[in-house]
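A single chain comes next, written as structure tokens; it is the form predicted on its own.
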């Protein structure tokens, strides 16, 4: 098969791009040095969430959540899709004020959200600390097991007969019309798309991507202990720290009855080992919100690396000076699962010359071109 599009990366972003281009009639070849749904896709929580840190982040995450809700009926039980909703928890009056501002912003944009006072919060999630002041519930936010969805997109979505996947295939060089593999083989295609997260930096060292290490812990099964994805309202502030180590409360009810506990961010390391002091700090933070947590049995902890751009938005479109003639779909930080389906739509629209469903300008790699010129 001679491919129309060659995609580097079989994680959720690469898989979504492959499925979208194949559905449009393109022959697609996907290369990954490891397996389907590995890397950041395997390490993350699979939270599908509308975020409103900026208008561009809001537009991309809301549009992509709509795409996920439309896709959900086709997914399998093993893909663990659940519309559990997100509950942003306010620990005090200041955060309650933040919840009200967030509620007003969401309502103005047509996103369904409900403000909860302290009593309503306790009724909704009895396991939360009694001292919590209230919260904001975003009812259509969801969770999904992204590694198996990556596999579904590449093997069972419409147009899969046009997708070829090659695993254990390491790319050593890249150009506008193809790549060179570690064994010297040259693979050609009309369009080359880099969608392999932090792995992109090995091929394109000038890309403005920074690794943000994160920890997660999963517990034994405690069905019904929590019902929503729970996040502290201080999460947005801590998630965008530019340096140092930060932790924030983030807990997810898995369909198995297990709890997935996060989250942490570290900028100063690329060591994948679990950092016990950071894990302890993260769990101490979580226990302030879920007092029962220290009595639960944690069975596994792991780490992953988010690929973060300087402005927190992904790079979707022509690579320009970073790699003339190449396309990029990288830099999604902690929103790769959420925004994968929208990323695929925006990239496909640019490749085919069609009108994009939302404006692409905020995500174009050219916004960092100045850095390349001076770097």
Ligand SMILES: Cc1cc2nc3c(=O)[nH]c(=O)nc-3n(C[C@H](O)[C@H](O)[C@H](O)COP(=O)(O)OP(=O)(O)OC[C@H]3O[C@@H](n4cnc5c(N)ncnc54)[C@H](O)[C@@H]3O)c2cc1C
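The shown structure was predicted, so the numbers you read here are calculated from the model rather than taken from an experiment. Numbering follows the first chain given and starts at 1.
Below, we turn to the form predicted together with the named molecule, even though it does not appear here.
Using a 4.5 angstroms limit between non-hydrogen atoms, residue 50 is distant from the named molecule in the predicted complex. Within 4.5 Å of some heavy atom of the named molecule in the predicted complex lies at least one heavy atom of residue 203. Residue contact check for residue 227: none of its heavy atoms lie within 4.5 Å of the named molecule in the predicted complex. Not displayed here, the named molecule is kept clear of residue 86 by more than 4.5 Å at the level of heavy atoms in the predicted complex.
None of 302-310, 52-60, 344-352, 320-328 except one has non-hydrogen atoms within 4.5 angstroms of the named molecule in the predicted complex; the exception is 302-310. Interface residue among 171, 192, 116, 71, judged by heavy atoms within 4.5 Å of the named molecule in the predicted complex: 171. Taken together, the three residues 38, 46 and 333 all lie with some non-hydrogen atom within 4.5 angstroms of the named molecule in the predicted complex. For the stretch 174-200, the set of residues having any non-hydrogen atom within 4.5 angstroms of the named molecule in the predicted complex comprises 195, 196, 197, 199, in sequence order.
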